[in-house]
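Only one chain is included here, represented as structure tokens and corresponding to the form predicted alone.
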């Protein structure tokens, strides 16, 4: 069974356990299950596996992180945000269920993430579990993806410097990647020096996303193309051009690769993730 299949089953089990009787159940299932690359939870599993920690011991943390990501996508697609009608090849949650239900389903998924992560367990010490909860709250909160989203909206239609754009990407995109690295590291009970890896992975993901917006199709992406242009969003491709953005992507890849090869005892799986982030077509 692949890690993606493993996380799908775990997500479905937690949703059934904690949300089956909720009137938001259908919208929650629609937005969480049956789609998505599951890159962030796979990173958690991969970091832990590099140190011999079994997958099942990370299910709570992996599911919690993916739930945060899924909630953020629902809200990101809303008319007040990016106003996107498609997500993962199907109508966005607010198109399918209405804007009010989409907002509330997103709220439900956000809080479900912390319910899952706080569930009693015996796989690692309580202080480690608390550290994971704190890490996820920081990444999802006022200084994490919320900060990035606010800056992103405020920057619409403006000419940004590259460093200002990278600040948005560090908060809006890289926060959850860094949370995956930190949570995976916490589970190992080791202290690998991976503090910058999540930021590099997040930047690589966003750079590739910006480039795909310029030459891919909505069929391949599973969401509208030219959405950034429509919303007057600042992107690397728009600010510095496709060639320079491609060069920065290559440099980011090399920096992340060096950390992986230097700090992790087993590198193949994490290098495969890095390659996926920088060479993906959707």
Ligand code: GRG
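Positions refer to the first chain, counted from 1. Remember, it's a predicted structure, so these values are computed and weren't measured experimentally.
Just so you know, the form predicted together with the ligand exists too; it's not on screen, but the next bit is about it.
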Find out whether any non-hydrogen atom of residue 88 is located within 4.5 angstroms of the ligand in the model of the complex, and reply yes or no.
yes
Please check if residue 72 has a heavy atom lying within 4.5 Å of any heavy atom of the ligand in the model of the complex.
yes
Considering only heavy atoms, tell me if residue 40 and the ligand come within 4.5 Å of each other in the model of the complex.
yes
Is there a heavy atom of residue 178 lying 4.5 Å or less from a heavy atom of the ligand in the model of the complex?
no
Could you check which residue among 101, 129, 188, 149 gets a heavy atom within 4.5 Å of the ligand in the model of the complex?
149
112-120, 158-166, 203-211, 189-197: which one contacts the ligand in the model of the complex at 4.5 Å, heavy atom to heavy atom?
203-211
Members of 144-182 lying within 4.5 angstroms of the ligand, judged by heavy atom, in the model of the complex
145, 146, 149, 172, 173
